[in-house]
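Taking the form predicted on its own, here's one chain by itself in structure tokens.
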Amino acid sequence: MSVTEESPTVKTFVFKTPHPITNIAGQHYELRLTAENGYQAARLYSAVVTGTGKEEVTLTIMNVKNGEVSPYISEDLKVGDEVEIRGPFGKFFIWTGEEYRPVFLVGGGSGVVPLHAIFTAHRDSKSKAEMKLLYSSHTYEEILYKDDFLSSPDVAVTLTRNAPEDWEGLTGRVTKDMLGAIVDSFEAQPICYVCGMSLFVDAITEALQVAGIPSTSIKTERFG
């Protein structure tokens, strides 16, 4: 197992597996813990990257205060410890290189995790389908996958709380105008993937429809 700190509360874990992993971009896994008394707790986490046949699965986990699983994984799990991981699951919120339509990804907070898998799968597949990402983060420190996102011209990041003085990206909550401008920049109508807290997903879905995207072209995944 290896660990990368993405933000003050979020870490990415690479778990070694006994068999090759071949998940599709956008799928997720169940991580289950079992206490000495037999009590079990499980949570679903989206895969960070597409499984390419390596014997490893990569999950990004936010340390949720008073959570049953994430505090143990983030604070107590050590290299060499074993955890139970089941999956992959999910057949709706996925993207493959066979998709020819333009794609608009919209993520809020840790909801950007499955979108990262889609974004990097698109990059690695050399797909000619146009793809853009709008990512809403509270602060610069909380931006996940900075190396992949901040260097890409196809990613727009908006900070909703505090922005550094030298910040050149967007600021404020995602607005209808912000979404509409990106939708209009596509050469053809995109299929949209939206992931984040329920209120975020609802607001973005409504705004996308105002921008002319039919509900049948909007895929959503939510939590909280």
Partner chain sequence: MSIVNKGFVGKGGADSKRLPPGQSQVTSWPVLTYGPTPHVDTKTWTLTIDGAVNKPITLNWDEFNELAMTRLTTDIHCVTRWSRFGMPWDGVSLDDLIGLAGGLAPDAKFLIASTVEGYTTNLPVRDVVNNQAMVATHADGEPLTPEHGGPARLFIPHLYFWKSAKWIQRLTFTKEDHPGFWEVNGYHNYGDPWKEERYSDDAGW
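Because the structure is a prediction, the values reported are computed rather than measured. Positions refer to the first chain, counted from 1.
Here the subject shifts to the form predicted together with the partner chain, a form of this protein not shown in this document.
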Using heavy atoms and a 4.5 Å cut-off, decide whether Gln40, Glu84 and Ile218 all contact the partner chain in the predicted bound form.
-> yes
Using heavy atoms only and a 4.5 Å cut-off, determine which of Leu33, Ile182, Ala156, Val64 is in contact with the partner chain in the predicted bound form.
-> Leu33
Since the chain is shown here on its own, which stretch among 43 to 51, 56 to 64, 168 to 176, 183 to 191 would lie within 4.5 Å of the partner chain in the predicted bound form, judged by heavy atoms?
-> 43 to 51
Could you tell me if Thr205 has a non-hydrogen atom within 4.5 Å of the partner chain in the predicted bound form?
-> yes
State yes or no: in the predicted bound form, is some non-hydrogen atom of Tyr100 no more than 4.5 angstroms from a non-hydrogen atom of the partner chain?
-> no
Examine Tyr72 and determine whether its closest non-hydrogen atom to the partner chain in the predicted bound form is within 4.5 angstroms.
-> yes
Please run the contact check for Gln209 against the partner chain in the predicted bound form: heavy atoms, 4.5 angstroms, yes or no?
-> yes
